[in-house]
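Here we start with a single chain on its own, the form predicted on its own, put down as structure tokens.
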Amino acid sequence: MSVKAFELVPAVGRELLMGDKALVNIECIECCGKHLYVGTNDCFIYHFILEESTSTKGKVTYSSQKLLHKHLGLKKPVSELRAVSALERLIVLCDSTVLVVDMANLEPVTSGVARIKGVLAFCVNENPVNGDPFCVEIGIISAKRRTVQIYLVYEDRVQMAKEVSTPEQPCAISLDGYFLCLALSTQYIILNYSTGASQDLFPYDSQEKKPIVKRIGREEFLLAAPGGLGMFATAEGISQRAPVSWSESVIAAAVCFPYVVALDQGFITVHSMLDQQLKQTLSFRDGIILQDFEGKVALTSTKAVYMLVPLPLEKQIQDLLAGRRVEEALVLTEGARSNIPKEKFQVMHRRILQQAGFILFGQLQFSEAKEHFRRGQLDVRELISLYPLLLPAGSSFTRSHPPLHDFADLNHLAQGDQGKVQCCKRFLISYLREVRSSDGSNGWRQDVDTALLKLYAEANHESLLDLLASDNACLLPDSAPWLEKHCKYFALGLLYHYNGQDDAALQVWVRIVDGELQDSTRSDLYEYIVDFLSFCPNLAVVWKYADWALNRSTKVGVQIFTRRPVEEEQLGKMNPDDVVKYLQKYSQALVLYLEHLVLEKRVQKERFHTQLATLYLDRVLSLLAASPPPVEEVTEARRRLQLLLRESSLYRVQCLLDKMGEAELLQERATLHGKLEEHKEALHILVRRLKDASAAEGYCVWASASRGSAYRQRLFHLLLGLYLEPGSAGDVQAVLAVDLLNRHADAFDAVAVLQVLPEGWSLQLLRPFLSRALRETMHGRRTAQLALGLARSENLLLHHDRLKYQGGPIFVSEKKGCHLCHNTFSEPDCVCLPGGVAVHTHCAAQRARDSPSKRHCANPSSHT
């Protein structure tokens, strides 16, 4: 696709060059700074000064001034000119002769500088291997021999440095370092004149087409290949760029990065080296020369000289972006990286990526636009500003200047298409979420989060609550009205809460639950409020809304107090006494809270236990007073009361007995007597009044738990005594007594039992009891005998060890050393360690003190 990369500007007109000489034609040109040299077919060299000027509109023009012209004294056209500014010399090829001319006066240099004859063509090595800055290397094609010669040109002399043979006669040459790129009669080759190694490139026919060999960079050349292709080749003989497709009739080529300019009989074509596409075509007839000089491109007809002026790279890129040719603009930008200072390129590159992103955004190519925004480090507020009312009212953001796009806002971009508007909003949500999760929002987090909140609220997006429940920077003055506008009242409460306004949050939520505001975000909002209050650190707010919560549901509302954090109570912020006092007007809530303290948290305070037991008892009494009493409710209430009475030992027993009065709560009354250690009275109630043998046995087990076997035995003997009391229902009590003995034989003293049993009882009835009692007695006796035998055995072993160590003498002398300190013995007292090792008494004592397990040597003996 086309792009205006160059402008064709006249440099030297026909009148100034040759006047009215119709037969004079241009043969070659050379530029060196402002100096332009022109060689003609009548053996003249013309010297011009070119002045470049730029108009206010950016148009470049050239004005030329002819300084002098000089005839070389030969009869042939001037074929080639090359300027050597370091030597102030021109190297000229004329009539197959290379001669050196002074750049200032165009006079041939004759003193010490010999002419080189028989030359077909020559080139200057622009990457010289000779380190002398006042020496120029040139490569020469000999006209009569198949050789290439390397010459060194000094200010005052010319000398040959190397001669290299070629397989065929060369007809075109280019030189870079040690590498010669040659066009032979049938093929192109790369030749290293230092090593003699050569590399064939590709064939061509020099009879049909003029070869082109052009150095375009370090060890890289441009060649005219068959099929109308411009091929790139490196010194290694490979191509690192795709070829450009130019005309079959190309007669000259030049390079002005990133473009390849080619000249044929009627046109100038410009191809990109980056994507090999044709970018520009200029009409130009009768062209004969196209050459690049230090970033400039000059071309000539037979009568005049022109300059191809490259447009500034940024203008070319902006023209491509204006034409929505994003990829070409980016390729051109990347290609210019090496030719622009790093910092300047980075600034330009970021801006171009941002512009490209907005172009693709306008085309709804969101994934590509996002990537360009990311790479271009776009200030995300540039994108947010396209969406009306999304930026906070107090934002200091102003759009980039010059602008990155031509959209006024999203409505202008979508042209009223609501489908496009919604697509763009969904893209912005996605992009802002990514920016928010990275470091891309640093410095303007408030703008990003506020915009995201507004988009979520407007789109009824599920992530709105996640945003407000997490760390965010949403601005309250901008966000609150927007949430109210879109009826997002629950989210509004979260916003207030995040900004430390819990009272305002609860006011909104209470109005939702009471039906004053409509928001179906949470169907369990009441439970949510209770949970919120249970963790709210502001106790004033908790007490303010506790009444509302308890009036709505006592059972749920009390969770405000039962779910308080443990740390809070440890710090004394929420005093249970205050809560109990507050809940006096909510009896059910009070019971639930006391259950939480007593049964769950195991608070060891008598008043809480007594109050809970009293409330339980009041409940039971009130249910029993009903007519008729609800059986299931009574059963459940008594179960709770009985459980508390058995498990707690902190309540005031006598107070409960007094309150119980004459109520037929026999099980509970027995438990209370048991707490007072009045076991006989308790068992009497269970056996005589309640007539529940299993309850009596259970009472004995419960009351003797963790009290020892003797205590347990006493309780069971009390129960047995009740069964055996005279005057009781004989047969029934006898059966109960026998069952008790047979079931709990291990809890009785068999001898004592036999002493109190009636003499007329059959042994057959007591067989299970007597068998178990006898077995237990025998088992105990044998266990004791076994333990005694083991103790005697251990004692015997210890006695054996002692006798073993006392069995022989221990020799101690002044020459024998202690095993622990290695010092000799100075007195006869010593300690013998196991194994017969003698040590000092103080060393043995120190060893015992330092031992981690404090183990002492078994049966130490002192010997003299």
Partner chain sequence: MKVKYTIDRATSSPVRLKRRRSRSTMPDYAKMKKPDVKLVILGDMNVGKTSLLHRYMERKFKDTISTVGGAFFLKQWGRYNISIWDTAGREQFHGLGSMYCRGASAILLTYDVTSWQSLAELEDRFLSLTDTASDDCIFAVVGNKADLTDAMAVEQEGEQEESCPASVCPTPPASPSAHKQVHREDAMALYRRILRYKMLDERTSLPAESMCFETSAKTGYNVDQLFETLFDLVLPSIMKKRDDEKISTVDLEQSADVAKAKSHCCS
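Numbering follows the first chain given and starts at 1. Everything numeric here is computed off the predicted structure, so don't read it as measured data.
Quick note: we don't show the form predicted together with the partner chain, though the next part is all about it.
In the predicted bound form, Arg241 approaches the partner chain with a heavy atom inside 4.5 Å. Heavy atoms of Arg743 never reach within 4.5 Å of the partner chain in the predicted bound form, leaving it off the interface. Taking the partner from elsewhere, Glu294 is found to have a heavy atom lying within 4.5 Å of the partner chain in the predicted bound form. In the predicted bound form, the partner chain sits within 4.5 Å of a heavy atom belonging to Met231. Just one listed stretch, out of 160 to 168, 217 to 225, 517 to 525, 588 to 596, contacts the partner chain in the predicted bound form at the 4.5 Å heavy atom level, and that stretch is 217 to 225. For the options Gly287, Pro128, Pro768, Gly362, the residue carrying a heavy atom within 4.5 angstroms of the partner chain in the predicted bound form is Pro128. In summary, among the residues Tyr582, Phe366, Tyr387, Phe202, the only one with a non-hydrogen atom within 4.5 Å of the partner chain in the predicted bound form is Phe202.
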